[in-house]
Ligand SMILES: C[S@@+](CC[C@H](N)C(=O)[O-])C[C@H]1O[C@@H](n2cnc3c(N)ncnc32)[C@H](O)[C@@H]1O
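Presented as structure tokens, the chain that follows is alone, the form predicted alone.
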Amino acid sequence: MIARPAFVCALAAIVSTLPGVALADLVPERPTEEVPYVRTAPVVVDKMLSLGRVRGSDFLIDLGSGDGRIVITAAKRYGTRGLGVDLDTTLVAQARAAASKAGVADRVAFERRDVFETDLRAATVVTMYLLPEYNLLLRPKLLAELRPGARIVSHDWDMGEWVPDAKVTVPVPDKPVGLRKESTVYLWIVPARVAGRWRADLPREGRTVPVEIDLRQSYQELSGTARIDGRDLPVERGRVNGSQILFRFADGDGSWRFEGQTKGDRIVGRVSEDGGAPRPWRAVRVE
């Protein structure tokens, strides 16, 4: 469902916090088209909730909540707490009435609010059905405010060069907009910010080998170099999935494979060399 959010341009201030993103990417031209309200079909609501792995422990924020059906369905089905925001006063009133009728008014709230002025920090799941221009404008806010591992689910529109972690197409025979009678549901998992220089001691043949790893990040994709024994080796197959980090680098005829969980300026996990048994591994950010 689509709201009518007001446009807010003051997003450049957070550009320095976003790895791999240029200022021009954050502030596309101001959209001139007002976002219409279109109801989301129940089959699409179901797919959005399932793809986002929504559960009772989640807090869901629906940006452009319309008649409230996503938030209300999540509350009824899973016991999820939620907030829907929309600028249309009539739709907000309808959503509140629907929540009361469904018996979930104690778990959900609906407010007349601009999506760009909505605090997202409490959300573990964000859903939206906006226009592509608004998705791009919201992208830096989502990355800046949501915690690693939070899920973002969008109906029909993607996030530009931020590649989705999953995408599903759903037949919608009675869809009121568009020539194709289907909807696409996209999922992104907010990645931890791991760009920077890290130091670790790696276990090798009864001794420890110091390594300095310089990670570069573009959303969930990682690249960079690892300096070990005076050699710079390219980081390969790097990826961040929420707070989980995975990468490897080749070392002569063998390779090191890393997996771990980020905890602020530390990574704790396991490393294996040449397919050997995994051993504990820790890294500390130094820059």
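Fair warning: this is a prediction, and the values are worked out from it, not measured in the lab. We number the residues from 1 along the sequence you see.
Only in words, not in the display: the form predicted together with the ligand, which the text now covers.
Proximity to the ligand in the predicted complex, taken as heavy atoms within 4.5 Å, picks out 60-68 from the listed stretches 254-262, 240-248, 60-68, 215-223. Relative to the ligand in the predicted complex, residues Pro36, Asp86 and Leu130 are all within 4.5 Å by at least one heavy atom. Among Glu145, Asp201, Glu182, Asp114, the residue placing a heavy atom within 4.5 Å of the ligand in the predicted complex is Asp114.
Of the residues Ala192, Leu91, Ala150, Val211, just one reaches the ligand in the predicted complex with a heavy atom at 4.5 Å or closer; this is Leu91. Although the partner is absent here, Tyr186 is not a contact residue: none of its heavy atoms lies within 4.5 angstroms of the ligand in the predicted complex. Heavy atoms of Tyr134 reach within 4.5 Å of the ligand in the predicted complex, making it an interface residue.
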